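A lone chain, given as structure tokens: the form predicted alone.
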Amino acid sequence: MKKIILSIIAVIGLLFSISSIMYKAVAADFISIGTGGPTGVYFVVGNSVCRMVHKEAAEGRKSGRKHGLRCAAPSTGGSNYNIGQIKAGELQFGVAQSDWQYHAYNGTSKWKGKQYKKLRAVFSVHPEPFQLIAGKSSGIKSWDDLKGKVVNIGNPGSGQRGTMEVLMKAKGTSVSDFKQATELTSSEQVGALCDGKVDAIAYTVGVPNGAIGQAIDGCGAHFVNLNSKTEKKLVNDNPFYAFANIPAGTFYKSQKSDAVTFGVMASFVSSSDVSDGVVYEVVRAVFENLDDFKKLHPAFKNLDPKNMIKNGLSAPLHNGAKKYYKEKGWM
């Protein structure tokens, strides 16, 4: 009887050990990608990457990559939040504006005193103009008209909030100049604009965007041009900024005139703590299926690998990404 009990204990112990090993293996193979609001292009980027990773997986099929990776891309607070969570080890990858990639790696702006030298670039995605949109009856035609109005400056941690604060500082504008400064997320702000609860919103996002389309075509909102001496100085002084033009009637039917603004690049980032093998497989999954990837959003239409591995990348490339790019002869 004693031998039987000992045998049972031994078997239970063995099963426990096996299950622990299996759990660790599964946990090690699960990757999370930080994105942005559910209506924004960041959310599409993250989930499109996951889609390519799962497409490449051999599990359950006769062919494919036996990388064992499983991927999720939840909605998050945006650029700075994603980088912060990568630093904390809670995310393995994230989508971030090229300017916040620069600031986090160099310890400048909001990242002063919190420099993250382990941040690594993986590839860039689409251009992201910073868009200032005013409500139909707001009377806002220029930046100066924001004074005394209800303006959504974006939720803390988002890229649009960061860029809005940079522009406010450059313009000499403070929160007290507005009637009210709201902190709505990207998924909340268009509804508030169309309902007349806010007079203007700021959004750093790829073009076209469904939420912006809802504001322009759905409730008569309009773009406010951002091409003064202030914006020109920002572009001249910062390599991660560039001017962008949103042509009238091309993406939004109700847009009656071209909109001129400045912006950044959306970039896909990780950490040097994430293994070269994992990053290599994620990069390979995207670029080996780039034609399929490009079909998942209009903002991806003009993606070019040669630009994706250099434009907007202000942190060092991850070694896992480098390995793939060198294999392809791109580096």
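All figures in this text were calculated on a predicted structure; none of them were measured in a lab. Position 1 is the first residue in the sequence shown; the rest follow in order.
Not on display, but discussed next: the form predicted together with a small molecule.
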- Item | Contact check for 77, 159 and 204 against the small molecule in the model of the complex, heavy atom at 4.5 Å | yes
- Query: Pick from 41, 53, 33, 279: which has a non-hydrogen atom within 4.5 Å of the small molecule in the model of the complex?
  - Reply: 41
- Query: Want to guess which of 189-197, 159-167, 138-146, 173-181 is within 4.5 Å of the small molecule in the model of the complex, heavy atoms only?
  - Reply: 159-167
- Query: Is there any non-hydrogen atom of residue 263 lying within 4.5 Å of the small molecule in the model of the complex?
  - Reply: no
- Is residue 46 one of the residues lying within 4.5 Å of the small molecule in the model of the complex, judged by heavy atom distances? no
- Item | residue 97: touches the small molecule in the model of the complex, heavy atom cutoff 4.5 angstroms | yes
